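The chain that follows stands alone, in the form predicted alone, written as structure tokens.
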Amino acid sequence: MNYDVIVIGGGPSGLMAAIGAAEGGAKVLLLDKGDKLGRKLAISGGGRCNVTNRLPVDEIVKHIPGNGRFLYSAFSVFNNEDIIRFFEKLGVQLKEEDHGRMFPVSDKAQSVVDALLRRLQELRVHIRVNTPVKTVEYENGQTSAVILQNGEVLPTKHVVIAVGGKSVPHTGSTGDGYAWAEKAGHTITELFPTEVPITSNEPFIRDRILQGLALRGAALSVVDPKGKIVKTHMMDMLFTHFGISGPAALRCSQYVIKTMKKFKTNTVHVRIDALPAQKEEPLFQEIVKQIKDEPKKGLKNVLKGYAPERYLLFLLEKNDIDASQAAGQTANDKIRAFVQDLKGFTFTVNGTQPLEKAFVTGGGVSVKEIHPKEMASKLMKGLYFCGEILDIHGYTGGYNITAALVTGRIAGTTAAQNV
């Protein structure tokens, strides 16, 4: 059987592309090498599926540091508000949470996956799972066929590649699509992990002194070898047995990699401000006054509430201060050094966990070679790309999935229009 459009990959962008193409009247085949569709969607947002983000488009673009501006044209065709309407039409009611994040009212990612699968069924999209693709064939500057691993040839003039990047490989994203893109003449920009925990070899990390400790609303900064702050993110963070994790660390991770690469170094510094709302000098004066008011009180008790106890004790010990002594016995210069650490504890990190452990892949098919309003290849007729295989990456919080759904929708719709 001949298909007008073949979509390879059953993740968010592939499902959306297949629906877009079928709604445009095309006869569509959706291929996935795994045993079920929507595996990445089903585990996203901690199993709740952060479908999109309700922030204004300008804000969304700011939260997609990897070529977010490329999406302005796409958002003029189909945007985050369209995603919300699309799902509500499919019977998935959404609710808004902090920072504009949109979740299904059911709090179940599976309800989002099920709605998409029902829509594919209604549109009579042919689906083949457990069907790995070997390659895509091109003839005379035009897409001509998809060849399966078992040797089967599926002729078609329109192929949407939606196979994801290389992160979360157990969902099927193992980087298969890059070779098919290169075969068509596309450039693959260097791949790197983003939204991934940061690693450190510092003794306090190796000895697990702070393992499991969370700092709420801390400001985490990546500092380059010249002492300049590259990027700061103010969110929760967590100390682990290998380094740091949590939202602030995930967001800073790509800047650790980029800074190490730029300065050709194996380590960079990160700095933690545990109290970003307070300035250093007034904070120092405030603590000195409290000590003066209650000089006999244990220092640990005077400092209670400024940070979690384990973190306070760690910073006191770092500055050779006995936490159990009477507050009044502590020299002012020691208190000043302690406050400096509260506002800017700096330590060395040596990279991040590997791409396989990342939530998102940085790099991919160069967006310079893609028509931004069509998701069509500028180099090969009948070839379209969407989702994480493109060199587009955002922070967690519904931004990557928004990019995937928008680019998927447009790729599928364009493919159908060109049939």
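The structure displayed is predicted, hence computed values, not measured ones. Throughout, we count residues from 1 along the sequence that is shown.
This next part talks about the form predicted together with a small molecule, which is not shown.
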{"query": "Candidate stretches 373-381, 43-51, 58-66, 346-354 - the one whose heavy atoms come within 4.5 Å of the small molecule in the model of the complex", "finding": "43-51"}
{"query": "Output flag, A181, G364 and D391 jointly within 4.5 Å of the small molecule in the model of the complex, heavy atom basis", "finding": "no"}
{"query": "In the model of the complex, the residue from P104, G100, G172, G246 that sits within 4.5 Å of the small molecule by heavy atoms", "finding": "G172"}
{"query": "N79, T267, S221, T131 - the one with a heavy atom within 4.5 Å of the small molecule in the model of the complex", "finding": "T131"}
{"query": "4.5 Å heavy atom contact, G9 and the small molecule in the model of the complex", "finding": "yes"}
{"query": "Heavy atom of F70 within 4.5 Å of the small molecule in the model of the complex", "finding": "no"}
{"query": "D114: touches the small molecule in the model of the complex, heavy atom cutoff 4.5 angstroms", "finding": "no"}
{"query": "Non-hydrogen atom contact V159 with the small molecule in the model of the complex at 4.5 angstroms", "finding": "no"}
